[in-house]
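Single chain ahead, by itself, as structure tokens, in the form predicted alone.
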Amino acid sequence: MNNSRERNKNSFDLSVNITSDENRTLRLKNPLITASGTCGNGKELADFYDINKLGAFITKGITVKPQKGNQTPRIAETASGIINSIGLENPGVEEFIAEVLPEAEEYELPVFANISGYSEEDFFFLADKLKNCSELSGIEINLSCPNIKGGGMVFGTEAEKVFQITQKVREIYSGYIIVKLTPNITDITETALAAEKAGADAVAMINTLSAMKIDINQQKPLLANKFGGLSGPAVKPVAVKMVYQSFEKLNIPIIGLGGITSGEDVIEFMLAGASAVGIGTINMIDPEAGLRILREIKDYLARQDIKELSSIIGAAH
């Protein structure tokens, strides 16, 4: 009986279609995508299991020039989450193309590069540098970065700015574009609609919530940078709500992320309207979480007698 049950689980279709334009089709064998910054550029997770078993991989964020990141301490534990202030530590786009992409070419799953900038021109420069990189299936625009030229305000808090950056990147980059949105805004559907109107193929939500922690013994902020981004299970209800709201207004796929630790979490995001999901903080706690989550998704489908995972997308509406 157990063998029969396993055969039935293997018969489930976990694939998802995150295509919004017939010229840029993208179908994943399952909905699990690594959230940028939580597992390096692939080889870190590859020490634990074959990452080709996931749906797609998003690299750690890259910038125009190398970045050392913020001073330590830059990670703080909280109840049901962590606050990080890493500061976009990365080798810069030139080394990324020379050293990281050749390794990515060996993967058998779609690979996306997360691009981050401190000015609008940074995003355009990065898009231009990566537009001919055949190793990539697309790029993810991280609009949760501080606009240094604009006084430090995050790009993604203004719908008009999201539209302008996305539209210009679309003019430069013909491949698949994901726009990663900040939740630190009154109405995320406004920025999501702006990204769609400007030519994004999908939106990813949510990035971290702005937060801080104070060391009561030292009587000062625990993080050297004072503030950071809260991730982990604590933010999941916020993320699910934002995915749910956006699904009712968008015509492009949503990649939901924020606090996913189990197969049931994935199902909840998909019922809310996510076509795929990002797993992030859990990778830092349990590097093999991806495989466990896939098993738990199959368990859910078996219990509910559902053959195609994609059939539940948006079913909670």
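Numbers for residues come from their place in the sequence shown, where the first is 1. Note that the structure is predicted; figures quoted are calculated from it, not measured.
Although not depicted, the form predicted together with another copy of the chain is the subject of the following passage.
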(request) Counting non-hydrogen atoms within 4.5 angstroms of another copy of the chain in the model of the complex, say which of 25, 15, 11, 304 makes the cut. (result) 304
(request) Heavy atom within 4.5 Å of another copy of the chain in the model of the complex: which of 199, 110, 175, 233 fits that? Just give me the one. (result) 233
(request) Indicate whether another copy of the chain has at least one heavy atom within 4.5 Å of a heavy atom of residue 193 in the model of the complex. (result) no
(request) Answer with yes or no whether residue 170 is in contact with another copy of the chain in the model of the complex, where contact means some heavy atom within 4.5 Å. (result) no
(message) Under a 4.5 Å heavy atom criterion, is residue 80 part of the interface with another copy of the chain in the model of the complex?
(response) yes
(message) Can you tell me whether residue 164 touches another copy of the chain? I mean in the model of the complex, with a 4.5 angstroms heavy atom cut-off.
(response) no
(request) Please state whether all three residues 29, 52 and 160 have a non-hydrogen atom within 4.5 angstroms of another copy of the chain in the model of the complex. (result) no
(request) Quick one: find which of 101-109, 137-145, 115-123, 224-232 has residues within 4.5 Å of another copy of the chain in the model of the complex by heavy atom distance. (result) 224-232
(request) May I ask you to list the residues of 32-51 that have any heavy atom within 4.5 angstroms of another copy of the chain in the model of the complex, in sequence order? (result) none
